[in-house]
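Below are two forms of the same protein chain, given as structure tokens: structure 1, then structure 2.
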Structure 1
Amino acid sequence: MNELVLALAVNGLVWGLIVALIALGLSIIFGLLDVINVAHGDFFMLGTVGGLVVATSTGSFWIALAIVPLIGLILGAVIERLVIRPTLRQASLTIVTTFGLSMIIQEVVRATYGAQPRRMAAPIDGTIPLFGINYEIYRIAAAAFAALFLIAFFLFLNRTKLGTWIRAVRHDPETATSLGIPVTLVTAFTFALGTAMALLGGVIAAPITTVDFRSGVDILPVCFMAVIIGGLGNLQGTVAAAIMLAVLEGVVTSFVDPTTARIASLVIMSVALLVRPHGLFAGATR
């Protein structure tokens, strides 16, 4: 039993790192644009579908891992210009437009890709002994990929000129404008980057989850929970909360069914918000 609990906790850690990557994209979009992006889960779904399609067409998962996030960057820039920017100053309207975008994405994928869930073969075969069971090597690799991309994101945010611009616009857009920072360009790039991160998470997750046009519906609540528990605007807090929630669900799943485990996460979020209304890691990171 102890081995099972440990294995499920490791599963939770792997999934938590992937969710952290996706939730981080959601967090930077909200933190900079004040947009509650209901379609963010569907961007993750596009990553899983795109990863499967590209990997199948080219015969290489690694090509999909390189290409699909770039497609996400372009897609995000187009969506920001055509859908988000016209409604940017009306928060309630952005919810409606991104919800409509979510429905459109799901229907387009269902019509073109199909409604039947599929599985993607892991690009790295084999298992290794872990806590008394044979654990898939790719799951460990997926956790490593997600962790590396998370580190790369924070290095980009803190060590590059564009990252400094993003932090400046998040902190005070009016002052950033007066300093000559191209705020419109920064906001467009930030939405595109958040979108690309969701698609990247989808590609990494594709071999360990079901590739289905409805998978975004399942991932979105977890991402929102991570953003809220982590503290709105706190990027490191979002990462920590995503990992914490996923490990918790992984451990609880060894005792109860997955639905009850998700309910436990919701209870934890409710209690956390009662104790710390601004999140466990309140205070935006600039």
Structure 2
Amino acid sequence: MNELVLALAVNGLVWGLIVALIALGLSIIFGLLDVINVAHGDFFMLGTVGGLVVATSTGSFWIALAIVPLIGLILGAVIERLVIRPTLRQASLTIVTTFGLSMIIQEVVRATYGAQPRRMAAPIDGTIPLFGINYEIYRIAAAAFAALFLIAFFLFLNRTKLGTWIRAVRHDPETATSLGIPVTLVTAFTFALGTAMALLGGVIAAPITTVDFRSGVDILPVCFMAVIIGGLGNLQGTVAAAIMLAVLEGVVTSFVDPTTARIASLVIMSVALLVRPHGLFAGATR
């Protein structure tokens, strides 16, 4: 039992890092733009589909890993201009518009790519023994990619001029404008960056899960939980909460049945929110 607890804790950490990458995209879009992006899960789905399409046509997963997030950047910029900008700073309206966007994305993928779920082969084969179970090497690699991108993101946000502009626009858009920061451009880039992170998470997760036009529907609630529990708009808090949620559910699963584990982790998080209604890490960074 002890071995199983450790194995599931490690697996929770691995899966949590991947979820953190996706949730972070949602968090920057909400935290910096006040957009409640209900279509974020569908951007993840586009990452899985795009990853499979590019990997199949080029024969290389690594090319997909490089190209698909760039496509996500362009797609995000276009969507920001056409869909988000007309409703910017009106959080309730963004729910409606991104819900419509979500349906459109799903149906376009279903109508063009098809409804049949598909498998994407992992680029790294093999397993290693891990606390009594055979653990897929690719999962460890995927977690490492995710961790690497997370570190790169925070370095970008804190050490570059564009990152400083993003933080400045979030803090006070009017003052940022008066200081000559191109707020409209920064806003568009922020949304594009969040979109690209979801697509990147999709490419990384595709060999572990499934390529399917509805795969975004299931990932979205987990991402929202991480964003809320981490403290709305708190980027470091989102990452920590995503990892905590996955580890907690993994560990609880080793003691009780899966559904009870899901309920238990939700109850624990609900209690945590009752105690700290603005999230576990509220106020740390916004």
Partner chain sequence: MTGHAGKGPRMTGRITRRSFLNTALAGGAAYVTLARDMSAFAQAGPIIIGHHCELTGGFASWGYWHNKCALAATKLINEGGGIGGRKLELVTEDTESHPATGVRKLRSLVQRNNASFVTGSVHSGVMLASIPVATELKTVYFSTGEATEATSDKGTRYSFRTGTDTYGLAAAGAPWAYANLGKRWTIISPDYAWGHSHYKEHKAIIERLGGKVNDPIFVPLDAKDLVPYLSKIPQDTEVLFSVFFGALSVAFYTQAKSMGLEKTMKMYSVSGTIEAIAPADLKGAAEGVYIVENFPRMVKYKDDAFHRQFIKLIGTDDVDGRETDSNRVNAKSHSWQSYENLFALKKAIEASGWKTKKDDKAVIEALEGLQMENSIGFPQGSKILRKEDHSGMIDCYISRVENNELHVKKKVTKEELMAQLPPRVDLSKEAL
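No experiment lies behind these values; they were computed from the predicted model shown. Here the rigid core means the biggest group of C-alpha atoms that line up within 1.5 Å when the two forms are laid on top of each other. Residue positions are counted from 1 along structure 1's sequence.
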Identity of the form predicted together with its partner chain among structures 1 and 2: 2
After superposing the rigid core, is the C-alpha displacement of Ala261 2 Å or more between structures 1 and 2? yes
